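Take a look at this one chain, the form predicted alone, written out in structure tokens.
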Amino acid sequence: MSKYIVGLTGGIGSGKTTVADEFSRLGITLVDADVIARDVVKPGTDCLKAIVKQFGEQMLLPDQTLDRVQLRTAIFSDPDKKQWLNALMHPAIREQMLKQLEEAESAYCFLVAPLLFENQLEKYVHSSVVVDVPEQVQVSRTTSRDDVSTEQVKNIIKAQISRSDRLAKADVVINNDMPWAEVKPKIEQLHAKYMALSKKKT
């Protein structure tokens, strides 16, 4: 097991994945909450069966995988349905996440979670890194990447912790609103820092 765990988070469109991938290239294990969230609803899983039972067969695409757009639409304006889904998903995701953290073998590892602070996942990490960009950058990146409306992106941003609260909770902030050539050295410095901290934990 990695002796040192770093939480990596940031608002939608902040570039978390790009930053996480750079640490992965440096040989660091990533435990990604988004990937786990997709895994726990694969065909044949208990979570997917429960969703279909609750919402109906229209939640399945022709290949029997979950229709995420349909599900998002179903829960978006209904707090009770959203609460039901969270009660189903969060324990399953957390169980898998803790298992993967336990199995991580790199000197330190990352827990990559968009809702690190919202879901109180920071209690599992020794340090937290926030990838940050201004809101207008979040909106422009996400609308061009995901083919969604500005309004939808703004609603997602509103549903997440505020930018000021996220920054206040961060141990380290990576400003990702600058050329990659300037961001990359910051990642390499952090890598060296976490390698040293992991040695102290051993």
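The structure displayed is predicted, hence computed values, not measured ones. Don't overthink the numbering: it's just position in the shown sequence, from 1.
We do not show the form predicted in complex with a small molecule, though everything after this point is about it.
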Picking from 23-31, 47-55, 171-179, 66-74, which part of the chain touches the small molecule in the predicted bound form when contact means heavy atoms within 4.5 Å? 171-179
How about Leu190: is it within 4.5 Å of the small molecule in the predicted bound form, going by heavy atoms? no
Might Arg145 be said to contact the small molecule in the predicted bound form, defining contact as any heavy atom within 4.5 Å? yes
Evaluate Arg163 for contact with the small molecule in the predicted bound form, applying a 4.5 angstroms cut-off between non-hydrogen atoms, and reply yes or no. no
